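Here's a solo chain for you in structure tokens, the form predicted on its own.
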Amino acid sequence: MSSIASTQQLEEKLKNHFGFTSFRAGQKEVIEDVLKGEHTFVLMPTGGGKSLCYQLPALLKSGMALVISPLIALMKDQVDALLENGIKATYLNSSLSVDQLREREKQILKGEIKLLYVSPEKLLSEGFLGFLKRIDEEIRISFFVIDEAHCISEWGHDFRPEYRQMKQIREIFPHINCVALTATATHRVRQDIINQLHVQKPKVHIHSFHRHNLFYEVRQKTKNCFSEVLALIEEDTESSSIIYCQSRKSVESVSAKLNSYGIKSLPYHAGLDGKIREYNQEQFIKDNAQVMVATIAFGMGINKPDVRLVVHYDLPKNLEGYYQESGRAGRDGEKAKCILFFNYGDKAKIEHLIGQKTDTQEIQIAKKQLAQVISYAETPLCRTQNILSYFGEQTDKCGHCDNCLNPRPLTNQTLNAQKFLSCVARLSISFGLTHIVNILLGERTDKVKKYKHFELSTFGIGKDKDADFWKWLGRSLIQANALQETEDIYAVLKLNPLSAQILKGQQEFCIPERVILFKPKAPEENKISGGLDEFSEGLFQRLRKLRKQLADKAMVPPYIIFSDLALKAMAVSRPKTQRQFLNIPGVGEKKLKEFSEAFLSQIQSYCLEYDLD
């Protein structure tokens, strides 16, 4: 088939292999660029359908696409899903025996595989590059895919040195186009990825980071926060949840406590044996455990679409990582909750860890990242706006975070804002937030002494407040665009036109009060109900049980059979014929043949039992 496919051809492949009748926003444009042989960079949020952007072109182009993927679990998950959709795919990694490797290599050289997944370590191992050259000579490599491309950048939240060597592949195979995809990357990270891959004039596709189905909330972390977590999980005992903790000890403790309350939970952290981690992860994705309690070592390899709750039991170290981790909720587009528990004790712990670093630049980057997380946790403004602005995206208030749904009373901070801005104005050169706060508090630090800032009229005028207050106010001024903070490692503060208006008394500075609400509640429409009536909900649960039985028999995760979205569509529309069943989202030709009989029979049985149409 020609590499330049018509819209009709694309839609036929989309329905036949993936079960969908239309593309999600931005997918078709990316696919068309890949088919044209363009170097392509794709920034698309979790759940946006990045994988389809290279999987569909791989079917249409001659030869085989090579996918560089960071984790064995992620490869297996992707390959299992592709095989279930009737697409020939495989992976090569250290989990395979010598005989298995040889058998798969034979399949590849016979041209029987359309997508091959490998790790960066495997890609650059001795002898494998020679194997790649042979593939390209005999059957042709259609294009390279670099998944989780943020791992390339040292500015990314999950930098992996092996990814930095991807440019070697570009040098050996300069004629093969490259597709890099990620769900999280600031402007600096994006540019670093493109530079490292040595691609000229790539087609860049940047999509909105706004996840409209996610409810973001920050709660004050107290001694009773486990009870709150327990209540959140018990709101929907049929759905999956992930709880992130900073330490291995916390992971084990929280998991054990959940099990003591009858909630099937498993731990996941780097201190566990690899086989135990793999087993626990498999139990979670197959719905044999409701909750995974984990450190940030868990998640990148998870393609589970039906996680309804992600809890951060401890403060994350950076906002980019938090967005990625919380984004594992609601990948199927259904509503989900992202809850962060915050107190200043966690902040102090992270500051202590930062202090253990020896590289000055690493320390400054870590401090800036922590300040951004604190800003998110403290902000009385829209949380979605706060996250999106980190990625350089501007938007209106989301209307579906705790601050939007439960706005705090306004407080007039004009006088304190004038004190803060006056301090910035009196400096001959620019300084960062911490230095300004030290001057306001009258602290004679080494830097204050060096620049003789104890002689300023603003020195000590803020002694009536504590450091946390002034830092909060400074971050609030930045968020309100009444103060500018540079993007450098050593970020400094600068005045802008709005700063001048506040200083002159021409503009008041009124913001929501600082106090973090203990337990803000979302209104009824934000509860994860799925919008099903009583009978549809009953049928949905029957179909879930059937899906689980079929998945266990096939030894795959339930969502590879059908997503929750597909089951809900069946429960609502109650198809009676195969033609009607084919209209369900996610049902392609292969799944129609394989599963329609079982699901149609279950639907018919349920309808007869309750006298439904």
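Numbering starts at 1 and runs along the sequence shown. Bear in mind the structure is a predicted one, so any value in this text is a computation, not a measurement.
Heads up, the form predicted together with a small molecule isn't pictured, but that's what we're talking about next.
Checked against the small molecule in the predicted complex, the candidates Arg547, His39, Lys50, Lys61 yield a single residue with a heavy atom inside 4.5 Å, and that residue is Lys50.
Out of the listed residues Gly588, Pro70, Pro45, Pro575, Pro45 is the one that sits within 4.5 Å of the small molecule in the predicted complex by at least one heavy atom. Interface membership of Gly321, defined by any non-hydrogen atom within 4.5 Å of the small molecule in the predicted complex, is ruled out. Using a 4.5 angstroms threshold between heavy atoms, Pro202 stays clear of the small molecule in the predicted complex. For the chain shown alone, Lys337 is not a contact residue for the small molecule in the predicted complex, no non-hydrogen atom being within 4.5 angstroms.
Looking at Ser22, you'd find a heavy atom of it within 4.5 angstroms of the small molecule in the predicted complex. Between 550-558, 61-69, 23-31, 575-583, the stretch whose residues reach within 4.5 angstroms of the small molecule in the predicted complex through a non-hydrogen atom is 23-31.
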